[in-house]
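Shown next as structure tokens: one chain only, the form predicted alone.
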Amino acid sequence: MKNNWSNISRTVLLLCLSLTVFIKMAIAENGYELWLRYKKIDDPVLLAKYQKEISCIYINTTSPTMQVVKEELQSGLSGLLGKRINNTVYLKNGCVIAATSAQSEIASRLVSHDELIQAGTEGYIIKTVSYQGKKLVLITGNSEHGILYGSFHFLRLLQTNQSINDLDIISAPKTKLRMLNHWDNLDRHVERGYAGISLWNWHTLPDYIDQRYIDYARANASIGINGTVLTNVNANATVLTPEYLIKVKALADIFRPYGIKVFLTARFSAPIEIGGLKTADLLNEDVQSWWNNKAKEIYSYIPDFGGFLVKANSEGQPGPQDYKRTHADGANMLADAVAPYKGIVIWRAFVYTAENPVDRHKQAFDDFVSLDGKFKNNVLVQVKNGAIDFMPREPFHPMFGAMPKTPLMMEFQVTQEYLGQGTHLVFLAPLFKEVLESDTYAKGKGSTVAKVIDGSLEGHDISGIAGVSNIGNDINWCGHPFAQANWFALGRLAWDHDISSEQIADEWLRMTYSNDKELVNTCKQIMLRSREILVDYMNPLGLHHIMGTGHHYGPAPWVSYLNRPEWNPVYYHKADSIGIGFDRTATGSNALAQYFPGARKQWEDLNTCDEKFLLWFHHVPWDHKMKSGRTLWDELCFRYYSGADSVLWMKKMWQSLKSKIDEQRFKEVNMLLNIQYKDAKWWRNACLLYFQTFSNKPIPDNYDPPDQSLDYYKSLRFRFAPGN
């Protein structure tokens, strides 16, 4: 009998342990919900206040978009308030009313004409109002998509524990097109993707609609993104065939209620590859006819199709220059094809050729600025934030401000191709802000890049910001849990580029983790310093493009064997026995001449140059005295060592929060920080050992010497690095 009870007790204990594990698994935070976690507010006083202020939803319109609004508000409010919030047909005290001014008598009475003008087409108004003795929250605007954006803003206020007692908010986007560029191939491989394979399962579309497509649309709408390019800029013409257009239509139908238009990349040689023509020359009437008919066909499937994104005559892609035509000629032909349907063409300015011996920094400017004013009015020229290629830090592209007659669209990279990829915690809002706040001096002081790309500097009707997506099919969407913050930051800054990096980090942390003050303040410190830390251990003082070949993971400043000179790191750092850095002044490539004098002034003198960009614009002697009092060589050592040490600081800060973060995400980030610290030391050691062969100077005694030889670091290979 005793043994039986012992067996029963053991069985019960095992069952309890199993149940505990099951419950832990059931409530595990895997990151899938992103920043749309509608968890019950854990501050009892605030929760009681919100529950008193919000009683119901009042939406009496049944369009697809308003159905989405109703479902999101019901789900969000019910989760946050810990009680079911229903849509009501009778107006009650504490109701949240969501309607355009045309749909609601309350909205039309309580919102002024001036307020609606401020809201514009896509903006929204959120007000606390009194009507017939009832206190209400009104979310309104001129369009249903504006109501959707306003609803997400209202939920964000609750998620971040803000007061909703006396709301008076008017918000409108500063840029009209706010877009994600997916570098996704039709075989589901994602170029420069570090979060799994593509979301788009072309094999099962259009018949199988993955819930992820809907949640993708929700996430984008929540931060104001209104456009998505589904396919890689290194384009495949197959996506323009009827077999695939049916599949694209299925995605467009899902995204439409969320205000998201679908765009596709157009391969310039498509008339040959899928059209059976012998040429793709834009002056050929058959080619023009083919593109006109193709546009008509696409719009028959997708009436609100956004248009085409084109990479042409760059890195082996076909383009108009193959036929002695200009980029404007090519863009205009496609612009004419989509113009009858109010479509646009986005033409990338990322062009350079191996045959051109001119500094790569100068080539896009040389190709495009002379074409200013020659593009059709439905063409946007999309310019990378810097002239080389999404480096951890680079000066703003000289094209910004140099084409006043042409609307220029910003292209940021959200995926971290050159910033540690899927393994490093790097918050990119400070990078985005640094570029947007840079002064071009195009029309005198205050002519910021932000004013160029939002159209306000020159009064352009179309404007845009795009980000190369960091999204894949990993359960948490972005690979690294903190990489989600960069997707979030892109949307928030595309909507309003005046928002601070600190505000974006604060919002994201509160929505994604919790409102715990210690957690928020500690993680904000990590996030806001993270990009500067990475620059120090990778590319300090303006060094750039010294990463590994092909996969771009890790350091390889010694590479000099690639066929194209501008693909070799030695092309950029130019280290020799005298010094290091690329001379882009009048004594060198004179790339500085492409900037306006006001901008040029901060960089042209070696002795006064902003040290963040010193080696970007100057070849500097190893013994040059820096502002710190150290020599250039000692300053390089200081930056590399302090950068690596700062990752250890990040790790310790994160570990101090163990009791405040769910176990799954805590472990994920902790393991990734271990990798980041290992990588930071790798960058530090490999780069300093290599540059030491030119400087012939010792690494100062106060630093631990590298634990491997330069030959060891040169021998490392990464054949299966993702995103290659």
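The first residue of the shown sequence is 1; numbering continues from there. As the structure is a prediction and not an experimental result, all values here were calculated from the model.
Missing here is the form predicted together with a small molecule; even so, the following discussion is about that form.
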{"property": "Heavy atom within 4.5 Å of the small molecule in the predicted complex - residue from 632, 233, 85, 136", "result": "233"}
{"property": "In the predicted complex, the one of 145, 544, 618, 384 near the small molecule [non-hydrogen atom within 4.5 angstroms]", "result": "384"}
{"property": "Residue 311: touches the small molecule in the predicted complex, heavy atom cutoff 4.5 angstroms", "result": "yes"}
{"property": "Contact label in the predicted complex: residue 418 to the small molecule, heavy atom within 4.5 Å", "result": "yes"}
{"property": "Proximity of residue 192 to the small molecule in the predicted complex, heavy atoms at 4.5 Å", "result": "yes"}
{"property": "Contact of residue 183 with the small molecule in the predicted complex (heavy atom, 4.5 Å)", "result": "yes"}
{"property": "Partner-proximal stretch of 90-98, 479-487, 225-233, 434-442 relative to the small molecule in the predicted complex, 4.5 angstroms, heavy atom", "result": "225-233"}
